[in-house]
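Before any questions on how it binds or moves, here is one chain, the form predicted alone, in structure tokens.
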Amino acid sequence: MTAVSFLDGGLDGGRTLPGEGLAWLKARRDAGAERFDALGLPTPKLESWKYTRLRPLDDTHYTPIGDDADATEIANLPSVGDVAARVVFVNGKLRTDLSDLASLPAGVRFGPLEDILADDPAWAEAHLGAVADDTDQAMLALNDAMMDSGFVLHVAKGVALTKPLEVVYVGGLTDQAVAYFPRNLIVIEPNAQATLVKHHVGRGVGAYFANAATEIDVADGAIFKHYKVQAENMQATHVATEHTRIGRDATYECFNLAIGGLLSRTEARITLAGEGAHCGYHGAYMMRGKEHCDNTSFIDMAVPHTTCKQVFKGVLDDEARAVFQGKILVARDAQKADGRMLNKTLLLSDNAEIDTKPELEIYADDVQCAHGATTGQLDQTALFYLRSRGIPEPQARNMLVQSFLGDALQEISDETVREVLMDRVVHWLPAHCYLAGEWKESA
């Protein structure tokens, strides 16, 4: 197995991984290790990694989590409320005591990847890697080699879930820097409907590295809503690779909220593979201190009569840095395509930085496409207006920031999820005012 400088034991480590007895899975892991060995860790020399460097992997030595599950008591896990089922992982290990899979409706399979590999390996073999088949992504190759956890969601044809499903990944709470590699597989069959909320939350102050990969197949006529809250701790490195295929007349709605982590990056590759397919891929990010957040996406409008919309908004304070790289490709035969992309960022500090690069690559001639990006500070006229009405400056700043981010959150069609995420935004804002030293000045 390949030696990896940042990972104790390299890509082997002497651990027992899920599905160890499956020859096809071993072949996949070996191929992933070979690809990662050939590609190496991504560097800014790659265009898609131009603005992000995995510095924590240079400075920290990580230990893969062993076979024993973490038994640490954990309270107050994040939630969106009334859900159909929940799966909880702590440092990549399933916690059955915190999970709830007792009330799954008929036609829905939802649980840890290791259970599917044990119970239905033929189905897993048919779907694992069917969407995420790119060979140029080193972090996906690393996940292929090391996949040690994760979940499977399979919704049968015509089944419509009325309540969301929930997955919680908890990191930290260890004395040593740890690494885990979740692999998530989502298959939504024709005319099915489902909503999934993922929480990535860090506890304690210890360093850890999460390298996740998610495959999503939204079949013809299906509707899938996918929401992610990334709130890792201040020493965490969070890398997520997502591959999505959207079928004919299907809808994929995604929203990523990033509010933590020393370094976080989500790279999405989405293919609108059927006519009438629609993708709404949106997000918001709020960074402070020296946090670094990277949102990179590639949307392939491969066939005619498809639509996609991207709205990403962010707020950066202190020495925080963010990256937005969005690209929409309209294929030569993809007539009547409609693609929109917008990135807006507020800088609350002179030392904050945003690198934004929206792109359109169009080969068809009968399309409607637009893209744009703006960067600026809070509107001083609006701030003066609020203060002249007797509103303290910290509260006025909060109101303006909340309104700015609220436009992005309006893209979330699920009202309950939208309210929960807006609550996370509101709870981030007062801390900003206090840290900026303005709360006492205005009191």
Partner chain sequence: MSATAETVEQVHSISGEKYKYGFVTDIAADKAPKGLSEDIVRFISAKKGEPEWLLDWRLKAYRRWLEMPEPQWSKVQFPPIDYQQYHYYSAPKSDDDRPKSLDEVDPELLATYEKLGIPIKEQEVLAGVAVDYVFDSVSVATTFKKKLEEVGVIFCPISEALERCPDLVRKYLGTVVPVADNKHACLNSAVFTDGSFVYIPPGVRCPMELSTYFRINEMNTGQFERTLIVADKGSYVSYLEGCTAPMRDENQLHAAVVELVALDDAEIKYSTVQNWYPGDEDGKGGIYNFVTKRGACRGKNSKISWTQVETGSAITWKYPSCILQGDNSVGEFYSIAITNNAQQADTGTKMIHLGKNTTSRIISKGISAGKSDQTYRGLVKISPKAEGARNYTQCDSLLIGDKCGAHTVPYIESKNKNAIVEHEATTSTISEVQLFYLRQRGIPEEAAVALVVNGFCREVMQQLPMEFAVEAQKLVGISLEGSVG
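Computed from a prediction, not measured in an experiment: that's the story for all the values here. Numbering follows the first chain given and starts at 1.
In what follows, reference is made to the form predicted in complex with its partner chain, a form of this protein that is not presented.
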{"item": "Residue stretch of 158-166, 361-369, 78-86, 296-304 approaching its partner chain in the model of the complex, non-hydrogen atom distance within 4.5 Å", "value": "361-369"}
{"item": "is_contact(D355, its partner chain) in the model of the complex, heavy atom dist at most 4.5 Å", "value": "yes"}
{"item": "Close approach of R53 to its partner chain in the model of the complex, 4.5 Å, heavy atom", "value": "no"}
{"item": "Contact flag, G390 vs its partner chain in the model of the complex, heavy atom cut 4.5 Å", "value": "no"}
{"item": "In the model of the complex, E47 touching its partner chain (heavy atom, 4.5 Å)", "value": "yes"}
{"item": "Contact assignment for its partner chain in the model of the complex, among V201, L173, I223, L347, heavy atom within 4.5 Å", "value": "L347"}
{"item": "Interface residue in the model of the complex among A373, A273, A177, V311, criterion: non-hydrogen atom within 4.5 angstroms of its partner chain", "value": "A373"}
{"item": "Triple contact flag R35, Q410 and S413 to its partner chain in the model of the complex, non-hydrogen atom at 4.5 angstroms", "value": "no"}
{"item": "Partner contacts for 304-332, taking its partner chain in the model of the complex and a 4.5 Å heavy atom cut-off", "value": "R332"}
